[in-house]
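What follows is a pair of forms of the same protein chain, given separately as structure tokens and numbered structure 1 and structure 2.
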Structure 1
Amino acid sequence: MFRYAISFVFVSCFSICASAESIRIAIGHQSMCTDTYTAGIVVKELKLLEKYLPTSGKYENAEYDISWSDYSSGGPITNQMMANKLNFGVMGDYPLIVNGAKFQATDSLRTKYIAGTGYNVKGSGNAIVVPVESDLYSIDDLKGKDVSVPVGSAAWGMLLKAMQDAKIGSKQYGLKNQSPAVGAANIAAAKIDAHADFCPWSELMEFRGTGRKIYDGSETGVPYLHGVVARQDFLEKYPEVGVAFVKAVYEAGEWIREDPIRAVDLMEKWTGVEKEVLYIYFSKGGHLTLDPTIKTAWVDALEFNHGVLVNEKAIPPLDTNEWVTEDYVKLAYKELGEDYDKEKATIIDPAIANAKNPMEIWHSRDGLSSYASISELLTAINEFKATGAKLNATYVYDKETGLKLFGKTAFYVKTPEGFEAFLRKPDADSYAESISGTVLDFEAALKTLKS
């Protein structure tokens, strides 16, 4: 039995449903954080919560008042939940931890972690980016530099963990609190040495040609995950609404998987994030595995991340036994006829799952085409360029992690069999040295195949 499960407290309807009741459901989400979309913008725009809200028993005459509030990061969502202005919040791992701990620090208020939205087992999603023309290539280069981050976000937690691992103390670099949009603008203008941010901001900067990754969250060795928290007092009063919310999260994931191209096209219209960037998260082989289940490994990761915060600053204790509950997500799966235990036991590792995935070109007119190798991809790009065709994006996979990358931002090493692609230059340098090869950027790799 899962050791964090907490029993439901279903409220008898006799004292509630004598007359029609207006039930306020206020949700805080982040339209600029891809890993929250299946509990946020997709549920909102497709009206999936409305589809599953209960309408019988004590809810027979209920009138639902649903409101969605969009935030730039998870911290403000917690503040609004504490003020009882939001019932549900969708956020990343470190903000989730702060949410649970802050509520447990009060005399009576509590939240429950009721479902996941998605994860990357490698930890990818957060990243540290430098201006594209910067001469910085690794986290060690950040000593004595200024680094901005949305403080309180998942990227903030990643940055703290990365600096701890690199043994770079807090006095050895300048930490600045900047929102994602401000940080990205400062990277574009080269007004900051580096900016750490959550999904999909690093890929946005790469796609727009303003920034370059020097550190990926996968290097922390800790899974990156997002999830849903809800106020306990709301769940105790309306437990069926909590189950309905998880059902909506599940269907949102199924809707994306059914047709990723349709999904990213619509999500671009809803959020303003370019579909080519969204594709790197939501396509087959993308960074994000959509999965509402609460895995034991995820709870272990949250407990570990809480320790990272404790090492850096004062944060209240977090009792995950009290905070985490599978009750709502298990019941949602059961009522949907889905196998919860099977999905809970499945963890997708990109290094394994993406090993045989094809490379891709997104043609502005003809859409996506696939290629079995990087050599074939680069040859096709040269041929397209010769005709003046416009290519929206190209995609390859990092040899070390299996993560999907933009072709134009990867580092390449030519081998006797073809090419290998790398996210980080130090990894490419190391591999090139091992085979007496040379590290090439995208344009240089293309030139090697021009006739």
Structure 2
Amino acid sequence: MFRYAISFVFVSCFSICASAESIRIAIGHQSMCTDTYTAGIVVKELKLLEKYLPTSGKYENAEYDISWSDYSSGGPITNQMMANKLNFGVMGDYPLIVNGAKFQATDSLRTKYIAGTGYNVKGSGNAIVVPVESDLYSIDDLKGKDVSVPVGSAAWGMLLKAMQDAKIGSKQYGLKNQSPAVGAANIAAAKIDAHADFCPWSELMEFRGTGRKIYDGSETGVPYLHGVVARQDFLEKYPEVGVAFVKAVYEAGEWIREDPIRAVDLMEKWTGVEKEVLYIYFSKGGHLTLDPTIKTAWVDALEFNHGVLVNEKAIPPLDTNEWVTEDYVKLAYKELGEDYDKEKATIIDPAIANAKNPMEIWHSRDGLSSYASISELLTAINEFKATGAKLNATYVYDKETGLKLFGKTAFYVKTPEGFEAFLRKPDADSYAESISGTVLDFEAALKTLKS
């Protein structure tokens, strides 16, 4: 009997030692927010996290239980992280700040900002859109008008800053709280004068022909960025998993850069967002620079954004020194053999980087074709139209900011050498005045080249 008891204890102990540890990795992402894709949908669908998860040392017998939850905004992700139903969260700058501040307001819980996903150095991604037939063309026209925005989002912060810069007081316009879907529907039905939103809603409205941008977030000059936060207790227990996650983010960016057309085609299937809209973000010269490094300017921008929230409403303090850590992203770069400091020091400004990029036409059957000038692009569009060919989208670059635009929503100025394209009509007007030219819309510009 005693011998059986000893055997039972021994076998039990052995079983416990040999049994695999189950590590639950739960990630909250946003399939309707383009700038989060490199830490969300791409990592999920390509199983990049699985590729980099540690399998040696204390992880030798580990069994990973990975789950992905899709959310419409960052707020619920923070709530789920607080309840420990999520270990990682991917979100935009304002929700990130709320995440850090809410955790720091607790006695016992903390998150860490461990990596970025992408950025636009000037703040493009957020925008103010008006109904396509509206006679509003600049932010100054919004005096006395109603503007809706998802309050608490990055777009809300952009709107406040934009109005302050334009010296439009809070009593000089009506501010409405509106979700992106409702705001987009109201723009389509011209029920609201203007709607401000985050990526990719503005481009979605432009692509569908319901809205027109009158203000791009890049005009605020405050970088727009997204990033990854993780629960500190999880990172302390499994630091290698944190590093693996950042490696997956890096590879997701490389995968998109390698072949943007393949990437947007697949991302459309995964997210339901039109590939032509995604292309304006993820293509060469697109709005989004994919870069997981944490730059000093990003931390400054987050602190600035926190100040906006503090001014507008009660938000707990946020100690960015405690919250932001480069440990995981630095180690990930080192293990991948990449130069972290070099990438950290590189900041892409579309105005410079896109200056010589070609214009593009997305033919529904033949795919993308490039053109060196706007004149060549418009001529090609006329030729395609003459054959009845269906064009999914056309792309030009704003002369002022270097931002990629849908050809159909840009304003054009005829110059002796050809054309220049503009995002905003006031910019086109002033340029036209300086060269004694005229401002044309897309259709009018096409007509000038018809023989």
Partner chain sequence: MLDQLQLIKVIAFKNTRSLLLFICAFICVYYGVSLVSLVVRFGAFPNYINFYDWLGNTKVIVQSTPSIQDMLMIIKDEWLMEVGYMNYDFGHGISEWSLFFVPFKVITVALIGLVLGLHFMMNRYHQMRSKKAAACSGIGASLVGLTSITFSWVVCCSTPTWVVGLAMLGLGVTTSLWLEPIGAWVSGVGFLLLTLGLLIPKQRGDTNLNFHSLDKKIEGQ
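Nothing here was measured: the structure is a model prediction, and the numbers come from that model. In this text, the rigid core denotes the largest set of C-alpha atoms whose superposition between the two forms falls within 1.5 Å. Residue numbering: sequential along structure 1, first residue numbered 1.
Of the two forms shown, the one predicted in complex with its partner chain is structure 2, not structure 1.
With the core superposed, Val151 shows a C-alpha displacement of at least 2 Å between structure 1 and structure 2. Annotation: Cα of Ser283 displaced by less than 2 Å between structure 1 and structure 2, core superposition. The Cα shift for Asp140 between structure 1 and structure 2, taken after rigid core superposition, is 2 angstroms or larger. Core superposition places the C-alpha of Lys191 2.8 Å apart between structure 1 and structure 2.
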